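Single chain ahead, by itself, as structure tokens, in the form predicted on its own.
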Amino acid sequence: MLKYIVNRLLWLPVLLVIISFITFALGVYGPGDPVQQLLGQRSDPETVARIRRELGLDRPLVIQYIDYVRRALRGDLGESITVARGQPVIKLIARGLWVSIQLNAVVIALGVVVGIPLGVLAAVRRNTLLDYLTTAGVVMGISFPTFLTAPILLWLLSYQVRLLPPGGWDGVFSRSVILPALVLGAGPIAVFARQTRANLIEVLDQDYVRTARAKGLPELLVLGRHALRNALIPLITIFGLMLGGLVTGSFITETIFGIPGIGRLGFRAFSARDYPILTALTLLIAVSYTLANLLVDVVYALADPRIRYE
């Protein structure tokens, strides 16, 4: 297991180099000019050329990328060009990172605490009204996009009922987190509920579960000790991917509710063609998901002794 983990970690720098180069190349040759965005469409061409020279954007791609890697190895991810010109990218990311982590942690908790029990109830009460309602709710939770549910809930709960604040961020224990958490939590709740129901139904039909029931064990004991433990193992992958998404934020939801997280920063950077911020965010997300996948592999081996890695 240790050898497997070390090998995976050794591949991480290679992965980051590939991802960073592709992202960097898209920033140089992709549509839009950050300097033009900064100065406006009617800016003087000579001024645009001078600013590009000052920022080093007129140099060849390879030279720019090598210089970026050298600075990144020293912890310097560059400076913002348009979103907050002159401010270090790493500071801009640090401001929003903790906010997005807190919000996404609440969303994952909702998915686990609400979704898994719903899936268990739907599997145990298969082909009943509860099962049908849960299945319908799962379909709705997965089908409705956040750009549709966010404005509807905002209009209903903030402007009509005036039950919750319409936006902002006052910390994870404030009322302002409830509405965005509901919007973002619908998807994870639906995914956990659907997968738990499907896995548990499959496990309940296995021979060892029938044997446990034939021995006269109480149904709760059969469900908890024999069925549920094996049914939840496939959910480790989903949980791991959601952990990887802790640092990604949500472009649409954070922008609609005015949450100063990574998602809102990324949306502003994308709109303004601020490629230093976009490159840094891409690297951060790549590291997060790589480590999350590694954690999933380790937890799989701990949860199921039959799994071995060479």
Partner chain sequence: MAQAQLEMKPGVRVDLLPPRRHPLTEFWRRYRRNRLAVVGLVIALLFVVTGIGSPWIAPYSYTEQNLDAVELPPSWAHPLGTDDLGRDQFSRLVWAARTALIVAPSATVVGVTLGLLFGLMAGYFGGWVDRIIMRLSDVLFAFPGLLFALLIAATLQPRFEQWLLQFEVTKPWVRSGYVEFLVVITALSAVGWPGLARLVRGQILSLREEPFIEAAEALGIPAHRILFRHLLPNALPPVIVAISMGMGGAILAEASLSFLGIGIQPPTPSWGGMIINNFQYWRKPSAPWMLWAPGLIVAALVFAFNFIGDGLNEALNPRDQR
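In this text the structure is predicted, and so the values were computed from the model without any measurement. Residue numbers count along the first chain shown, from 1.
FYI, the form predicted together with its partner chain isn't displayed, but the following is about it.
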*Does the 4.5 Å heavy atom contact test between Pro145 and its partner chain in the model of the complex come out positive?*
yes
*Taking 4.5 angstroms as the cut-off for heavy atoms, does Trp155 touch its partner chain in the model of the complex?*
yes
*Do Ile256 and its partner chain come within 4.5 Å of each other in the model of the complex, heavy atoms counted?*
yes
*Classify Pro151 as contacting or not contacting its partner chain in the model of the complex by the rule of any non-hydrogen atom within 4.5 angstroms, answering yes or no.*
yes
*asked:* I need the one stretch from 110 to 118, 95 to 103, 157 to 165, 198 to 206 whose residues put non-hydrogen atoms within 4.5 angstroms of its partner chain in the model of the complex.
replied: 157 to 165
_Partner-contacting position among Leu26, Leu246, Val69, Ile51 - heavy atom within 4.5 Å of its partner chain in the model of the complex_ = Leu26
_Heavy atom within 4.5 Å of its partner chain in the model of the complex: which residues of 251 to 266 meet that condition, in order?_
Phe251, Ile252, Ile256
